[in-house]
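Okay, here we've got a single chain as structure tokens, the form predicted on its own, with questions on binding and movement later.
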């Protein structure tokens, strides 16, 4: 089903609906994420999107984009490298880095990049294949 080197790509947009949906669900109104002037005063070019929006895209990849729905996330690690802003398109790429057949698990290394190929976030996620 999965082999080392398998590659997956997907584009996501941090739209106004995604941004507002995140705030409505989690009520994280930190001014870095909600106030342009605050973000500008700290060296950003505008309000910075919540990093966990990228985790939502990662959840979509595992739960909806893969060819099987018989999966569960075991663990994940994400490192945020550069800010994401409202209406940015982020380019997601994941590659199978390990397949553990004895325990029905697969590990992916992934990156989110900007349109100019700047790494926004990267990490690993391990899933279990449900039997």
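What you see is a predicted model, and the numbers here were worked out from it, not measured in a lab. Residue numbers count along the first chain shown, from 1.
Same protein, other form: the form predicted in complex with a further copy of the same chain, not shown, and the subject of what follows.
- Contact annotation for residue 71: at least one heavy atom lies within 4.5 Å of a further copy of the same chain in the model of the complex.
- Put simply, residue 46 is far from a further copy of the same chain in the model of the complex: not one heavy atom of it is within 4.5 Å.
- Although the partner is absent here, residue 27 is a contact residue: one of its heavy atoms lies within 4.5 angstroms of a further copy of the same chain in the model of the complex.
- At a distance threshold of 4.5 angstroms between non-hydrogen atoms, residue 64 is in contact with a further copy of the same chain in the model of the complex.
- None of 97, 104, 59, 87 but one reaches within 4.5 angstroms of a further copy of the same chain in the model of the complex through a heavy atom, and that residue is 59.
- Looking at 100 to 131, the residues that come within 4.5 Å of a further copy of the same chain in the model of the complex, counting any heavy atom, are 130, 131.
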